[in-house]
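Okay, here we've got a single chain as structure tokens, the form predicted alone, with questions on binding and movement later.
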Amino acid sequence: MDPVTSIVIVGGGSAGWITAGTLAARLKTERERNSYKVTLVESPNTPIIGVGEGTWPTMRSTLRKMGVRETDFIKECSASFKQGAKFVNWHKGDGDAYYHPLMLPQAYFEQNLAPHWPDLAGNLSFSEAVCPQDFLCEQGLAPKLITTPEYGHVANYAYHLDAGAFAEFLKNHCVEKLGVNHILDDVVAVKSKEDGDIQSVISQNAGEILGDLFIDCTGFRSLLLGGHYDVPFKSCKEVLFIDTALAVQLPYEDNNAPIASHTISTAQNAGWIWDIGLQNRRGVGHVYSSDHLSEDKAVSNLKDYVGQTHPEAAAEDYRKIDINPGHRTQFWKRNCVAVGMAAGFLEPLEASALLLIEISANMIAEQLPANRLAMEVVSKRFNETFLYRWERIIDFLKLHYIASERTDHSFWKDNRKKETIPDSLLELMDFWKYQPPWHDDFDRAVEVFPAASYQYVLYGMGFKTEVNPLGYSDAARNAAMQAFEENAKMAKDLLRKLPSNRELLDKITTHGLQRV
């Protein structure tokens, strides 16, 4: 029945500081009454990976709850607005492209528009027919106005950000505004209690750091969950083949160059290239399967891509990052829970890494156990929830590869082999041949990727769902037609009034946004 009041986070970076900020902000009003203490200990000798530059709209809520001003965040993290992802050459590799926008389809909670789209939306793609963001992204427009309050939106949005600057920004905010105790030191040992719980971590200079709950944010090392508790790592390399990344940073041609308000993902012969626009530079990287492509050929692909806009750039200056796709079989053991890469990592497609950090930290904060006995129930729920979420994310990422019709390389053909596809996804793909994705296809009330995301990817890649032989009522067809018309009207209105991404970011840097 010992109360849980002292929380020790081992490891910094985005995982450590998002977790620290989420917990400290949640406990801020309780701290004096219940003596809560949040301590983060990080090594001064372990550099962060620093390429997690894409987020989901959840980041707005995460930052707001921490008490972060959006203006400060945008200025100090070179952040820009993200309204979705554009997938180029994923379908057949012949210049095709589609969007996965961040806005839900029109009338999403009243009606499934997918069955009506082929007949009623003319020649528009599915995402164009149900959401205005394709048009906004193609024109490089921002998702809001300078008069829109902080974290408010006209079109739903997330961010692109400088991961290194972001970790430093959060660290300063957590220490100065939220009272997080920061220890810069190397953890050299872990001390256990007789019952198997972690009693403390031993640091090189600060000595013993006691805690009731320990959060492992030590990245791929997984010092506590993987190292101390020896929780096995479950590889998903047989499903998701990507295992290597080559990352470079590129300057803009000039200070007025457009800033894309979406992530650009361009498929290659055995992987894909990301292109993310920040305020001051672009982050570009090639991820690929080393079983299907040599590093020399991957570098050649990256050079070719970079050379389209920066012929003089030296792509040899890339940073190589090894990826071991998979996750721990358990995320919370005894009084230790892993967040971020200590729990697992898949690949950067669809920016799920930072999202998983946010929702993990939020669940820990929302269900923080009052005592050690309650921790047994909370940890069981946490493990069940996140095992489900990791499995669904794997399904969704794999969907991008199996929906492709590319035949130019064994990488794409191998991805479509039945034995590499999870049974859960195979079952849904068979089902979706006859009925379009919808809410009831998934088990949880809150999904990381809802039915709309599956619709955007499937129909963007040319997937066909058979027409319902029973047909649809006139009322359903009329409601769908009205939704398509409303979307066209909204797109026209937003194209007229929204500024460019660059224009709005420059104004925010100069004037700031209105406080909420």
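So that there is no doubt, residue numbering starts at 1 and follows the sequence shown. Keep in mind it's a predicted model, so treat the numbers as computed, not measured.
There is also a form predicted together with a small molecule; it is not shown, and the following applies to it.
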Exercise. Candidate spot 115, 437 and 468, all three in 4.5 Å heavy atom range of the small molecule in the predicted complex?
Worked result: no
Problem set entry | Heavy atom of residue 215 within 4.5 Å of the small molecule in the predicted complex | no
Exercise. Does residue 10 make contact with the small molecule in the predicted complex, using a 4.5 Å heavy atom cut-off?
Worked result: yes
Exercise. Might residue 77 be said to contact the small molecule in the predicted complex, defining contact as any heavy atom within 4.5 Å?
Worked result: no
Problem set entry | Contact of residue 426 with the small molecule in the predicted complex (heavy atom, 4.5 Å) | no
Seminar exercise, completed: Checking 354, 170, 131, 137 against the small molecule in the predicted complex, the residue with a non-hydrogen atom inside 4.5 angstroms turns out to be 354
Seminar exercise, completed: Only hit among 97, 321, 145, 120 for heavy atom within 4.5 Å of the small molecule in the predicted complex is 321
Exercise. For the chain seen here without its partner, which of 291 to 299, 304 to 312, 180 to 188, 225 to 233 has a heavy atom within 4.5 Å of the small molecule in the predicted complex?
Worked result: 180 to 188
